[in-house]
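Shown next are two forms of a single protein chain, provided one at a time as structure tokens under the names structure 1 and structure 2.
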Structure 1
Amino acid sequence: MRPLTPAFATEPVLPRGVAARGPAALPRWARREWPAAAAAAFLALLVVLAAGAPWLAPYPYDRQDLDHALQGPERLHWLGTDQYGRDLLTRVLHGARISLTVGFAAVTAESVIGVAWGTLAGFYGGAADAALMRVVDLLIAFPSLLLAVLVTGIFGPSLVNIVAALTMTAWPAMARTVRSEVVALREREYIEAARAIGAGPGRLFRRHLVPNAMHLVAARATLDVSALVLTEATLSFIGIGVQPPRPSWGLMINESFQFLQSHPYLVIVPAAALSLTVIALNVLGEALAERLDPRLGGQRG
């Protein structure tokens, strides 16, 4: 049986069945993993709608029409209007734009910091590992929502501060995940072979350690987007996130909560958008984790 890692290789050879698959495999994957395919389709549609919200939305998100306040779904307002006569569909689309922008910006910053921190800690070990991971342990021990509340409460509820607060709550867990993988990878034969031919730390990071940890980074980042979107909605709901008149799903739920009994659709619409987005991100993240895990590559064709 052919070994997975040749004696003098500097990079791992993938098991049989993990080789790149052509476009013909996509329909088979969609049929077999239909929940993940449905989640991916929903998220793709949501991203397109959010990106095109300024052009696709029928009205400006802050346009008020008090003569048509609290109207149910109709021809001119497909999802109805809120207490100020603002079009609910418009505000949901712009709310998706803000939630996804904040979520993806925070997870990008989280990934950069977490991958760098975790790779350095896992590769060098010893005192450097202990010092770096104590910082991670300290931040993880602090409740993430409380940390986000403190940051936005102190520095103000701007979008930049919200992204910074969410990044602070998320990167320690990413760093711990990457560090664990790097600790396991640094003892592999191909790492030893690369060292033997003179590869320095920079080359090992770029060519071997980080690429072989990316399946964990991608899966965790996808799952973290859902948590960050939910945290942003929570901050907006309690009044220290996105400020009116800019729409956020959490802010929309907060403003409409008083009408829950008389006009429940005002709460149901943004809550449903938030719930479906979080569920879709979680489903896609779980599928991505299985798809990219090299230990399952030979079993999931």
Structure 2
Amino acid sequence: MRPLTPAFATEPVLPRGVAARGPAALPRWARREWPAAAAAAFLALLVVLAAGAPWLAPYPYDRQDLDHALQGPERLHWLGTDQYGRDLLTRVLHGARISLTVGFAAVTAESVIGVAWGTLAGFYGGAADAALMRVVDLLIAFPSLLLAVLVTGIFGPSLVNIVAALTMTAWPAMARTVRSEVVALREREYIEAARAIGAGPGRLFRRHLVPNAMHLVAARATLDVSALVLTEATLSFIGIGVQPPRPSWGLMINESFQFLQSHPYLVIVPAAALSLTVIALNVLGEALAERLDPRLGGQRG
């Protein structure tokens, strides 16, 4: 028997109210799901600040001024300065830039690999599927931070290697999600019809299978960004992530940890920025997952 068409597969990607009543319903959606709306607003602001950091920030991120080290907030330095007299506000803004760049680069890479891997496994089935998915099972069993530490440990810390390590931690789960969807899609009538008029595997992938799994990929990817940003910060905190003098939130916390007693704001400011970002990504991701992929949303309830 053919599987029944799940209702969510044909639903529009936008929140239901918005799609039905046009953009005028956006405030209503924002009121009903205010945590997700607040998270989205915060993240939008953060992206603007991060993108504009080189122009918005009052100083270059590595400009030292040892005569004005460890100063509290004042007119010239709104958030004060660190132990080398570097402007804290500048470094937090540039830290956002690094964190988001690394996060988005890794989520793009892991999505591409995961979608390709999952589509191939799900479409061909049989021995190919078994072999491809054994690799996924193997990698998924490892905690992601451990995998990231080991990869950067073997290849050494650099921005490219950090992105590669983060990609390693996330793509297996993406592949598993996509595969399960493709296995269900493969049996659908329109795929059979496309095949009947002579569509090859390449065309089926590009035109039918991948586009129809896209809503799952979007939901999964949003949740993944928060995990990836968190892992980057942790790697940098341990000292095997982003290297000084480049600012990363994790690295800033590491460098200022010894001043926790005398100048706690040096730790609190980047820690708050990091925590708020990860929480916002989680809240938005779960709201999206509930909309776009009832299975993901339900699991996390």
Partner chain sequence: MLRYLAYRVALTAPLLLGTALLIFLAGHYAPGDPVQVLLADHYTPEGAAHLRHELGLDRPLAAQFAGYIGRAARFDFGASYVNPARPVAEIVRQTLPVSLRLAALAVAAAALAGTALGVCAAVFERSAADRLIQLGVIAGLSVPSFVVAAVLVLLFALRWRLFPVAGWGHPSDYVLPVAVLAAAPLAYVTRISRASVRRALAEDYVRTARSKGLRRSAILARHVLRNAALPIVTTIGMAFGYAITGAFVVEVIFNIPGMARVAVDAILQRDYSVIQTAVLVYTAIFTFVNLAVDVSYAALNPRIRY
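In this text, rigid core is short for the largest set of C-alphas that superpose within 1.5 Å between two forms. Reference numbering: structure 1, starting with residue 1. Since the model is a prediction, treat every value here as computed from it, not as a measurement.
> Go through 1 and 2 and tell me the one that is the form predicted alone.
It is the first structure that is the form predicted alone.
> So that I can tell if Arg207 moves, could you say whether its C-alpha shifts by at least 2 Å between the two structures after the core superposition?
It does, since the Arg207 C-alpha is displaced 2 Å or more between the two structures after the core fit.
> Do you see a C-alpha shift of 2 Å or more at Ala184 between the two structures, with the core held fixed?
Where the cores coincide, Ala184 still shows a C-alpha shift between the two structures that is 2 Å or more.
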